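Heads up, the chain below is alone and in the form predicted on its own; it's given as structure tokens.
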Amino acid sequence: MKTELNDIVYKDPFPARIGCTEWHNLFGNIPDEFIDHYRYYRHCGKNEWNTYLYPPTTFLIYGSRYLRKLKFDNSLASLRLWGFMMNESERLFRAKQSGMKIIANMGDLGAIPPLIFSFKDTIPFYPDCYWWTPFLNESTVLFEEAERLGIGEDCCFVRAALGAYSKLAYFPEPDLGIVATGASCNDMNSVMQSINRLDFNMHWFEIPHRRDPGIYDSDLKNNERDLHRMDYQPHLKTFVIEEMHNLISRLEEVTGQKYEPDALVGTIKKINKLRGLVYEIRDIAFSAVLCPIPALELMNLEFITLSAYSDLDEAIDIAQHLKDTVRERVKNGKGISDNDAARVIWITPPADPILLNYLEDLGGRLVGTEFVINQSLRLLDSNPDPLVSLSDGLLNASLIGTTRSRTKLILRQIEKYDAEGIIISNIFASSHCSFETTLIKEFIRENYNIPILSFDVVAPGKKIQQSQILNRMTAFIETIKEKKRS
């Protein structure tokens, strides 16, 4: 793809997955004008500190040593995404220094940030997502700190958030922590209670259990957006709206601002712009004959819908760049996979990013996901009261209802994208994994005779166990390809 900036043109090389050193060498071809142009918090003007377009080797030097083992998409748009994502910790400290309010969201996974963004100079972020940090840094420091505070290996990798909160070296002290309780992850609930004991400013937001009155069978031909639609009892919306009003009072107190419904309406339009772009990229990528963008970049993109990596406007611009790149690759018949790649849906995000690299190394490709963030993928409905829209969005969450309703999200994608296999990456000690995996397998097999592989993601540094996962994935992909040949 050609990217133009003030009559300066950068042309992407032929699509490929490349290593850290290759990206470092390729980075030398990017004009300085692009590096200077791509900035976060643009409302702060041009400063020496708010650029983010760097090669992966820069973040490797900063401590993310695992990057040297990964493979990356070689497009400029994907590099923007990586730089933007890896820069978030620095961005949060800059926001704090600039007088913005920093709000930590925990456990709601994308439902509340639209409300936070509607308050001027107020930035949401997710400590939950620091569960990747021990892998990227090849360090157990955050896990060790969490264990010192009473949360050990009997809790899933989200315990890293407790270590990060305790050290306050990965993000500044939040002005407020919004804590999802009720129908939320048991492990994250334990972590949040431990964070609360550290005496930070916290607000508890209760999420009701969704007792499904019936599984919503949408007509995908008439409205493909309903691929991510869940059904719920109407009275639950009233409860969530009341919780939203309680949260608004707390946000007004912290920010010194009054809640403005019109500002939230405007923010929802931006949120829908971002979610719509992500939806279209996923749909183009999963439907294409040749996979136009690797699985790891697709996961990074999907998680941008949670809190826009703390900068909504720049996130939208990056997603648009990625959409243009993917669309042009498909138009020109270019991709990073063979046309006989095994078509796989991945369930539950792998904390270890190299596992998505393995999928493509072994001859597979991603054609669907259920990364437990369904609530952040759906467009928010238009409604005179924007809190109604936010509440509906929250009630479409993956993990607050039945396992059968979550499985329905997977079944729709199997049908839509002709999936040939399912991978479920569990996390040892994660409550929803131990309870749901067997049921998900059973519900899928009620409808499709399709190979399913499940395994526990291992903690950083356990090379023998990780090699066993690679062996199992190798056999799994070969099983799919043999089935296609027969």
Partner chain sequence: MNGRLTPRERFGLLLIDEEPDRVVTYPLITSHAAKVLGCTVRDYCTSGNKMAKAQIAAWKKYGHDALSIFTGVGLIAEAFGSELHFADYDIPILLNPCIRNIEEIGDLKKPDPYNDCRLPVYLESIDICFETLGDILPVIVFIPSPFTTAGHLRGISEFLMDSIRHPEEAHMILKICTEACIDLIDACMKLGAHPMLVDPLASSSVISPMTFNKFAKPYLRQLTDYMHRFDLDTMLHICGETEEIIDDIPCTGTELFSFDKNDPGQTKSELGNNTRLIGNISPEEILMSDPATISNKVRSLVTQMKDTPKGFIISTGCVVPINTPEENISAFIDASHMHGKYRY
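Bear in mind the structure is a predicted one, so any value in this text is a computation, not a measurement. Numbering follows the first chain given and starts at 1.
The following text describes the form predicted together with its partner chain, which does not appear among the structures shown.
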Within 4.5 Å of its partner chain in the predicted complex, do we find a heavy atom from each of 31, 139 and 463? yes
Its partner chain contact in the predicted complex: residue 417, any heavy atom under 4.5 Å: no
**Prompt:** Does residue 24 reach its partner chain in the predicted complex if we count a contact as any heavy atom within 4.5 Å?
**Reply:** yes
Does any part of residue 168 reach within 4.5 Å of its partner chain in the predicted complex? Heavy atoms only, please. yes
**Report entry** Contact label in the predicted complex: residue 41 to its partner chain, heavy atom within 4.5 Å
**Finding:** no
Only one of 295-303, 353-361, 114-122, 141-149 sits within 4.5 Å of its partner chain in the predicted complex by heavy atom distance, namely 141-149
Answer key, its partner chain contact in the predicted complex at 4.5 Å (heavy atoms) among 94, 408, 378, 80: the residue is 94
Taking its partner chain in the predicted complex and a 4.5 Å non-hydrogen atom cutoff, the residues of 55-80 making contact are 55, 57, 58, 60, 61, 62, 63, 65, 68, 69
